[in-house]
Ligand code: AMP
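The data below hold one chain only, encoded as structure tokens and taken in the form predicted on its own.
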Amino acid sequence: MLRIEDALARMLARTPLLPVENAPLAAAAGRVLRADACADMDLPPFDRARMDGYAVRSADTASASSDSPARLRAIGETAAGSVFGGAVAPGQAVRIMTGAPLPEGADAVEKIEVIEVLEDGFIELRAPVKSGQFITPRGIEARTGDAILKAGAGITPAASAVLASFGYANVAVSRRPRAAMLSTGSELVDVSERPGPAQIRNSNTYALAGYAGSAGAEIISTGIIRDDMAETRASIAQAAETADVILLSGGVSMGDYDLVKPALAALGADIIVERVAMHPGKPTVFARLGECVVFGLPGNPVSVAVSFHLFARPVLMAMQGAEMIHLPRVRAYLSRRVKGAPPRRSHQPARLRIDDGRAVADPLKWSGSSDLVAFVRAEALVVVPEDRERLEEGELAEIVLLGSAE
């Protein structure tokens, strides 16, 4: 059996990089940027007011006090989207709104709450104003030519806003991986059917489609394969004609009806990984069939989830040229003991919370890798090293973050 790191290294070494395409910015969220995005202007492009108030010359307020306020003549106003058509001379001020460009001659803004506005067109300030106060200086966020986002960055909603600020109506992104989902097992029926004796509904397809979609994949086909060699071989071959990635669940162990590896071998696939020293998910398979990447994942729903997040997700992200391909990892204190599975590294589902300023992981009570009802609450995986029989309550453990559960 391969260590997790060694198995993943083998997979990544055989992962193709998908081609680049242009996408409208409105449709680019969730994609991976494939070229550096650079600022086409300073941001902000002018000294900008951060408060509603008055634009002033700080020197005019240097001696202001409650006993001797600075008295300035208000000569006009300016708002966001407009430019004041003059300059602020000594003894003058301009009413200014948040986001408006600072008028020429002014070097500070004082907020309206501390200014006394007089009826004769003057204002009074009872404390000095510092130069630069309540101003966002030109170019403090970015200078023309700066790389604002690097190739490999994921385009989040916040990144979309940054790209829009610099005129990127279209962006260079990776083509989305085309993924086919195939669930194996004669016991499976479609979700719309009521299972008969010895049958269960196909749930893995929907989990894998969701996981793969969140990793940027386009789901192009799904299906159920009966435990039949000819059907298994034909279904994989057909999927490989159009898919970049095939995600199979079930049929990868050592039983008489585990036909995925024999079918791949019969198709001439290069089987790169067959077993991994992990729990759950030991019989994880990775292969190349022509230009297509094939994952054979265990059939139990929790095994599917763990194997996907540790292997298939990083591969999907790498195919898109992503800089960050792994789920984040943190450390948290355990609220109760968890068992290991030496000599395999174990991953136990858990929820997270903050208790008295400390991150705490609450391992879930579950009945094993088929317990999808318990796993639906998981936000994270507790990692139990391969040389540990258990981790004790109160011990600091490594945690893989899966995202929030409902």
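Start at 1 with the first residue shown and count on from there. Nothing here was measured: the structure is a model prediction, and the numbers come from that model.
Another form exists, predicted together with the ligand; not displayed. Remarks below refer to it.
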| item | value |
| --- | --- |
| Candidate spot T184, R201 and N204, all three touching the ligand in the predicted complex (heavy atom, 4.5 Å) | yes |
| Single option in N300, Q320, T78, Q92 placed near the ligand in the predicted complex, where near means a heavy atom within 4.5 Å | N300 |
| Answer range among 68 to 76, 170 to 178, 292 to 300, 103 to 111 for contact with the ligand, defined in the predicted complex as heavy atoms within 4.5 Å | 292 to 300 |
| Close approach of D258 to the ligand in the predicted complex, 4.5 Å, heavy atom | yes |
| Distance check, T136 to the ligand in the predicted complex, heavy atom within 4.5 Å | no |
| 4.5 Å heavy atom contact, A153 to the ligand in the predicted complex | no |
| L163: touches the ligand in the predicted complex, heavy atom cutoff 4.5 angstroms | no |
